[in-house]
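A single chain comes next, written as C-alpha cells; it is the form predicted on its own.
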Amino acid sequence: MLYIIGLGLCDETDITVKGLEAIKSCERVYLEAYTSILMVPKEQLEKFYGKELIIADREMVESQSDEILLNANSLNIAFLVVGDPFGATTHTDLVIRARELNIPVTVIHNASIINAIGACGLQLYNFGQTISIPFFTDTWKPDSFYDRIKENKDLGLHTLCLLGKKIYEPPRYMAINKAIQQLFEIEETRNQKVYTTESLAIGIARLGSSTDQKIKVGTLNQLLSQDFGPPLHSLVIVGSRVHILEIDFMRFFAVDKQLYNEIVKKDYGI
C-alpha cells in the first residue's frame, strides 16, 4: 500500500490520527521536501512519528519514483506532503504511476493553504484562480500570472498568490515584499491597471502557527514596507466582490485602520 499523507501547515502535531497510524504501519517513510516546508526540523518529526524519514527531493519524486514505489505491492510505504496531498501536481503524478503498477493507494488529507487562507477573513467561495509568483532573474521574468489576476479581477474575485522558492543550499523562500516588487514591475510593463499601488491586499506569514502566524491588511504599497518575518509567506489581492463580513473581519488586521476605512468606502462603497 502506498499512503500519501498530508501533514498540515505548521508542526508535527498537525498530522491527523489516521495519518499517524498509517505512518506507524509503514516500512519506509518519505518526506517530500521541495514544494513546501513545515516550521519544525525533520528530527522533530521523526521523534513524534517514531520513524526515520527519507528525504524525497524533486529529482527523486519526478525521475526516480520507482525507488519510492519499490515493493509497495507487499509493503506499506508512506509519502508525506506538507499541507494536503493534492496541493501539487507532482503528487497527482505519483498516484497515477502507482495505479499504473497496480499498487493500492490511500490518500489521507489535511489542511492546506487553499482552505486555511480563510483565516484572513475572506470567504473561500469568493476566490478565483490561485497563482504562483516565481523569483525573477535578469533574463527570465515570466508574467503569465498577470493574466490570471486580470481574469479574477474581471469577475470580482480574490487572488491567492503562492510565492516562489529557489531550491538551493540553503533554499530561498520569497518574501511578500519581493512579490509586491515583482507585481509592480510587471504592471509597469503590461500597463493594464489590473492592480495599483493602492489596491487592497493581505499579507500572510506562517499560516497555521498557533504562536507566530501573522496577517496584515493594507494597500500593496503599505505591505511593501512591512516586516513579515521568516517564511512561509503568501499574498492575497482582494477582489471587488466583498461581503460586509469580510470587510469587518479584515479590519482587525489593518495596518492603518483609518486608511483602511477610507479605502473600503471609496473602492467598495461599504
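Keep in mind that this is a model prediction, so the values were computed, not measured. All residue numbers are counted from 1 along the displayed sequence.
Although not depicted, the form predicted together with another copy of the chain is the subject of the following passage.
K.L.:
Would another copy of the chain be touched by all three of Val40, Gln181 and Leu259 in the predicted bound form, meaning a heavy atom each within 4.5 Å?
P.N.:
Looking in the predicted bound form, the three residues Val40, Gln181 and Leu259 all stay beyond 4.5 Å of another copy of the chain (heavy atoms).
K.L.:
Exactly one of Val194, Ala175, Ile186, Leu157 has a non-hydrogen atom within 4.5 Å of another copy of the chain in the predicted bound form; which residue is it?
P.N.:
By the 4.5 Å criterion, the partner-contacting residue is Leu157.
K.L.:
Another copy of the chain isn't shown here, but in the predicted bound form, which of 186-194, 135-143, 157-165, 68-76 has heavy atoms within 4.5 Å of it?
P.N.:
Among the listed stretches, the partner-contacting one is 157-165.
K.L.:
Taking any heavy atom pair closer than or equal to 4.5 Å as contact, tell me whether Ser25 reaches another copy of the chain in the predicted bound form.
P.N.:
Output for Ser25 is no: heavy atoms all beyond 4.5 Å of another copy of the chain.
K.L.:
Is Ala254 near another copy of the chain? Define near as a heavy atom within 4.5 Å, in the predicted bound form.
P.N.:
Outside the cut-off, so no.
K.L.:
If we define contact as a non-hydrogen atom of the residue within 4.5 angstroms of the partner, is Asp93 a contact of another copy of the chain in the predicted bound form?
P.N.:
Judged by the heavy-atom cut-off of 4.5 Å, Asp93 is in contact with another copy of the chain in the predicted bound form.
K.L.:
Taking heavy atoms only, is Ala119 within 4.5 angstroms of another copy of the chain in the predicted bound form?
P.N.:
Contact check for Ala119: yes, within 4.5 Å of another copy of the chain in the predicted bound form.
K.L.:
If we check another copy of the chain in the predicted bound form, which of the residues in 232-270 reach within 4.5 angstroms of it by a non-hydrogen atom?
P.N.:
Heavy-atom contacts to another copy of the chain in the predicted bound form: Arg241, Leu245, Asp248, Phe249, Phe252, Phe253.
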